[in-house]
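Here are two versions of the same chain, shown separately as structure tokens and labelled structure 1 and structure 2.
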Structure 1
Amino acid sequence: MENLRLLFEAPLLPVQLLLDGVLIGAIFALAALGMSLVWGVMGIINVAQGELVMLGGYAAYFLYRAGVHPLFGVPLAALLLYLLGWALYRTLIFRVVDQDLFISILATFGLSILLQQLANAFFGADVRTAESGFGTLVLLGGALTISRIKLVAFAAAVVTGTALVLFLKTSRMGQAIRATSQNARAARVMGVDTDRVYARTFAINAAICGASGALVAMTWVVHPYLGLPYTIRSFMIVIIAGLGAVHAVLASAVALGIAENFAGFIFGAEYQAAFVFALLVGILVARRFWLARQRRYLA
């Protein structure tokens, strides 16, 4: 309880935790945007979402080792993961589209284990990081500090969300994606190639995860077992925000970042992951009771 007491004794400490939570929540939002897109359009819960983030981090790291600044590695990682996402759809994911939801969970869970173990075999279990060199912004004479890479990540999340909304509203492919998400059968009747739409959707999801992973590699570290917490966070954010609401996803991700940051300070960093899992269980239980209440009300 010593840390809890510090929150009241140091007035700027909660402000520091709040700022950090808002900024790291933006990184969570990127992965959640991709999951929301795939879930809403294809009806698939992608359990390998975190592994795509992990691969994006490795892409940025090896580009950094090759002499490419990590900031320029963000779009390059997104491009590489876009190609990988398209390939994964053509080899595996297309087989579980329009199948039972449980089948897609099992298939993508197997994919997550495969990607995790391949990363461990090829890259090793060492913790890696891509140094951005942006430094830290010092405010109020050192009372508040903000990592500049977190500001970049927050801006990237806002720009990505805005670009995704504009893409879905204005482009032909975006309109096809929206039509397919509303009614895939009707879209096929109207001449939409839904298989192409699904491939593009999964590839866009992978690209968003690639950008998120590159930011993770600059902000923290990357290793083969990075994926599961990001999958859990993405799932939790989508459950709270719902499908198809970009602003709600960003708000939910920021709220999660704040809650996780405060929990990590109060209970200790070793319990931060446990807090995330406990929060997921609590949200699922509360969601179940809320849905049951809605069904009784409608009946």
Structure 2
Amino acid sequence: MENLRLLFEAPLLPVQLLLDGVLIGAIFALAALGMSLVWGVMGIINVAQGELVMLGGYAAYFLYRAGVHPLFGVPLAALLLYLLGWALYRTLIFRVVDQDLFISILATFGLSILLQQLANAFFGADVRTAESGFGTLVLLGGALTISRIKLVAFAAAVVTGTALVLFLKTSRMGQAIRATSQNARAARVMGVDTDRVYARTFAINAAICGASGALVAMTWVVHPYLGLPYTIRSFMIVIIAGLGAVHAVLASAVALGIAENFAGFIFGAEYQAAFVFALLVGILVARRFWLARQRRYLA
């Protein structure tokens, strides 16, 4: 409770925690956007989501080592991962896309282990960082600090989210993706090449993860076993936000970031994750009751 007292004594602390939470949430939001897209359109829960984030981080790291400016590092990492995502679809994912959900979970779980071990074999288990060189924004004489890369991450999340909405709403491909997600068979009947739609969808997801991974490597660190927390967080965010709602994904990601930061501060870092999962259970139970009252849980 010492920590709670601290929170009230120093009014800037909650502000700092809130800011950090919002900005971290933005990075989670990216990975979650991708997961929501793949889940909604292809009916696949991609367990290898975190590994795509990790690979994006490595892409950014190697680009940084090669002297590429980090502002280009993020889109380049996204581009590389786009190609990888497309390749992954053509070799593995297309085999599980119309199958039982369970099979796709198993397949992507296997993929996640494979990617982890390959990363370990090729890049080593060392912990690496890519320097963004943006430095920190120091406000109020050092009482409040915001690292600029986190602001970049936030902007990237908002831009990506908006671009995704516009893409899905206006472009031909976007329309095809939406049609496929509504009813794949009907879309096929109407002449949509659903296989291409799936390939694009998965590649777009990988690209978004790649951007998020690049930001992770510039904000924190990157190593081969980084993935799991990102997969789990994306899953949580999508569960709370529901499928196909970009603004809901952004909002719940930010809320998760804030909750996590406050929990870490008040209960100590060891309960940070535990608190967030307890919260998830709470939300699911509450929502079930709410849906039951509205008699919507059967729908």
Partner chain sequence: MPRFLAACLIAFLLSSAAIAAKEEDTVVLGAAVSLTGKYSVNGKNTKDGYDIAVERINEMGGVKVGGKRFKLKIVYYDDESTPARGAQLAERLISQDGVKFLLGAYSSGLTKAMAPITEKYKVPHVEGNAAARELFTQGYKYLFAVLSTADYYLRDPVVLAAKMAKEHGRDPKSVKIAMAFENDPFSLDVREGVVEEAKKYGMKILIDDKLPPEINDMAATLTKVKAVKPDLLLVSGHEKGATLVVRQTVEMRVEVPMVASTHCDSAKIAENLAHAAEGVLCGSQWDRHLAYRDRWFGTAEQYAERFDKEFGYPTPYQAAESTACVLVFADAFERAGSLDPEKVRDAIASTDMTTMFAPIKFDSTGKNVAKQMVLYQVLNGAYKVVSPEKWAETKLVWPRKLPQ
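This is a predicted model, so every value here is computed, not measured. Residue numbering: structure 1 sequence, from 1. Throughout, rigid core stands for the largest set of C-alpha atoms superposing within 1.5 Å between the two forms.
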query: Which of the two shown structures is the form predicted together with the partner chain; finding: 2
query: Displaced residue check between structures 1 and 2: F62, CA, 2 Å or over, core reference; finding: no
query: C-alpha of V22 off by 2 Å or more between structures 1 and 2 on rigid core; finding: no
query: Rigid core superposition, I266 Cα moves 2 angstroms or more between structures 1 and 2; finding: yes
query: Backbone CA shift between structures 1 and 2, A278, after core fitting (angstrom); finding: 4.7
